[in-house]
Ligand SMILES: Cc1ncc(COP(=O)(O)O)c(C=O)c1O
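Only one chain is included here, represented as structure tokens and corresponding to the form predicted alone.
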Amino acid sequence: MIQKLKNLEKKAMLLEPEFEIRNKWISKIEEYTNNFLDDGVNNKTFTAFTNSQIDKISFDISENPESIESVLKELEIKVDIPGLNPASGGHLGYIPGGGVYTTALGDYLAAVFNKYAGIYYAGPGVVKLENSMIRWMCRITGFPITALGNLTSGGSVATLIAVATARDAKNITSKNIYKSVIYLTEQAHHSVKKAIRITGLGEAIIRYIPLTENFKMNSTELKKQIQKDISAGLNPFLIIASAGTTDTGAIDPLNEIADIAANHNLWMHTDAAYGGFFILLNSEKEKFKGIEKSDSVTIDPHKGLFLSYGLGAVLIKDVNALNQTHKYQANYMQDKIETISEPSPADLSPELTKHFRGLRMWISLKLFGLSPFKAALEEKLLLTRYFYEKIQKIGFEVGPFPDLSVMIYRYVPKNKDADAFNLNIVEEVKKDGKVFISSTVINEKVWLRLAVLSFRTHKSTIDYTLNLLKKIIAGNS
């Protein structure tokens, strides 16, 4: 057994590469990423592929190691080239993710030191840093100093945490779920509907409140519906508002909704995953009036702070309610030191194994300061308004003036199916590949979407998109 242990140790020690090997790997990865950042990041936003091409791709693992050169080449061909390049400034579809370089530095450090971010006892500095980031987001949204929340993988998990907490805080159980009512609009993000289902609230009554002509929740209709439900002996308990919808970027009348929620003792959750960080701009603060009255808010640093995918946040006023929903104790964790001054993230979310994802946010804000983030956010607003003005001169219809950096537009050709025509525009843009746009369906009509949120998107990108659309229209009308 002793000899076997020695042999196994020798093999296992290969997992602890020496400096020369580490240095070579880092050097090659640095060269690969720098080539992408310096030359390739905006070459193509979308590279077409076929299912048969992807089906042929294999990611086999063998017993023997491969060189860093061959691994990076395989990664380039099979992963980094096909499909959408979210790091490109030409990504103008969906809600673009970020990708500022400092995200990688933070994640690199987090991975090397591998600090555990779930329990204060295991990583007091880690938990303090992450909670500080949450408290900073609470401050900018107007939440009290006693509020907290959790750093999550994204808006979907953040929403799940908020909905589960609301459910328990309002005592929704199997006994009353059939009479309990949730209020939202058709413009609510699909992660909200997913969270409702996962939290067992799918059997609750879901009310879709009508929209105004600007695609915002109609607060008058909301008030009427709640009063009607109360009169019918039902149990209204949750309103989900939006501060920047995915389809149109609309901000619901948060202040009016908050007052309605307070008057009827409903939990108000505001989905600000996309739009929340625009509150950093003095010019936009008024649009968010009322968000500070919410019981919970989702906000994604990997959107409005331009960080790489994998960092969302939920902010919740009633930390005790958050704790009651998520905290569990196991015998094997009896050694952890309880602290009332710094709550453990694992007690405030479904996660126990928790990546130190807050480091990417903290290091980015420290190395850049807030100023360039604010400048980039304002630039995105102005670029969207610029596009809104120019696209009409090409002959496109537009939706409402954009609240933030998302807007809708469509071309209506003579004697042709407008929906099919606009879907074809999306395909033509994909073929070009330089930029990427997306489509949606609102009121049974196909609309094209412009979503400007990449920190790499500038006026030259928007001008290219406008010229491309003009060329496509000329060639297909």
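When you see a residue number, it is the position in the sequence shown, counting from 1. Fair warning: this is a prediction, and the values are worked out from it, not measured in the lab.
We do not show the form predicted together with this ligand, though everything after this point is about it.
- Here the chain stands by itself, but in the model of the complex one stretch of 71-79, 269-277, 98-106, 204-212, 269-277, has heavy atoms within 4.5 Å of this ligand.
- This chain is drawn without this ligand; in the model of the complex, the residue among G155, G90, G118, P236 with a heavy atom within 4.5 Å of it is G155.
- Taking R167, R357, H189, K380 one by one, only a single residue has any non-hydrogen atom within 4.5 Å of this ligand in the model of the complex, and it is H189.
- In the model of the complex, this ligand sits within 4.5 Å of a heavy atom belonging to D300.
- In the model of the complex, S294 stays away from this ligand, with no heavy atom inside 4.5 Å.
- Among residues of the shown chain, G244 is one whose heavy atoms approach this ligand to within 4.5 Å in the model of the complex.
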